[in-house]
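Next comes just one chain, in structure tokens: the form predicted on its own.
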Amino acid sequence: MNLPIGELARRTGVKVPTIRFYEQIGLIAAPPRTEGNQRRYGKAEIDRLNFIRHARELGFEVDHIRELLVMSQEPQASCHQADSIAKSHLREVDRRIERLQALRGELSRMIDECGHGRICDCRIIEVLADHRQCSSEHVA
């Protein structure tokens, strides 16, 4: 394969600027270039970008993706570190879900307490103006 960057982007679903960014930060190696200075990519880059895209879709941070990519190059090595990274990420996802559920509860409470009358009597506006009126701590 000898793909230009646009075709690589189409095949992997990763936008051209993102591919260039991944090159800049070392997630993918800078590819060979033609005499006209165009980047050219092969199957290895397609596979690597698909791995990165899928990991990003699952919410993994770039540094963890970098570590997982290194591990993927040693198929006979223990997967303990990969398991540890995934477990840590799952704990963070659970924390986010917990915060979102609290946020949802607070928003529902504000809406339920609103009299749907005039702004001067609006419970939503009151709560937004004074955080002390919230029933739970929340950070988006």
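All figures in this text were calculated on a predicted structure; none of them were measured in a lab. Counting begins at 1, following the sequence as shown.
Form predicted in complex with a further copy of the same chain: not shown, discussed below.
**Student:** With the cut-off set at 4.5 Å between non-hydrogen atoms, does residue 39 touch a further copy of the same chain in the predicted bound form?
**Tutor:** Residue 39: no, not in contact with a further copy of the same chain in the predicted bound form.
**Student:** Within 4.5 Å, heavy atoms only: does residue 28 come near a further copy of the same chain in the predicted bound form?
**Tutor:** Close contact is absent here: in the predicted bound form, residue 28 is far from a further copy of the same chain, nothing within 4.5 Å, heavy atoms only.
**Student:** Is residue 117 one of the residues lying within 4.5 Å of a further copy of the same chain in the predicted bound form, judged by heavy atom distances?
**Tutor:** Looking in the predicted bound form, residue contacts with a further copy of the same chain include residue 117, since a heavy atom lies within 4.5 Å.
**Student:** Is it the case that residue 61, even though its partner is missing from this view, gets within 4.5 Å of a further copy of the same chain in the predicted bound form, heavy atoms only?
**Tutor:** Outside the cut-off, so no.
**Student:** Would you mind checking 11-41 for residues with a heavy atom within 4.5 Å of a further copy of the same chain in the predicted bound form?
**Tutor:** If the 4.5 Å heavy-atom criterion is applied to a further copy of the same chain in the predicted bound form, 11-41 yields nothing.
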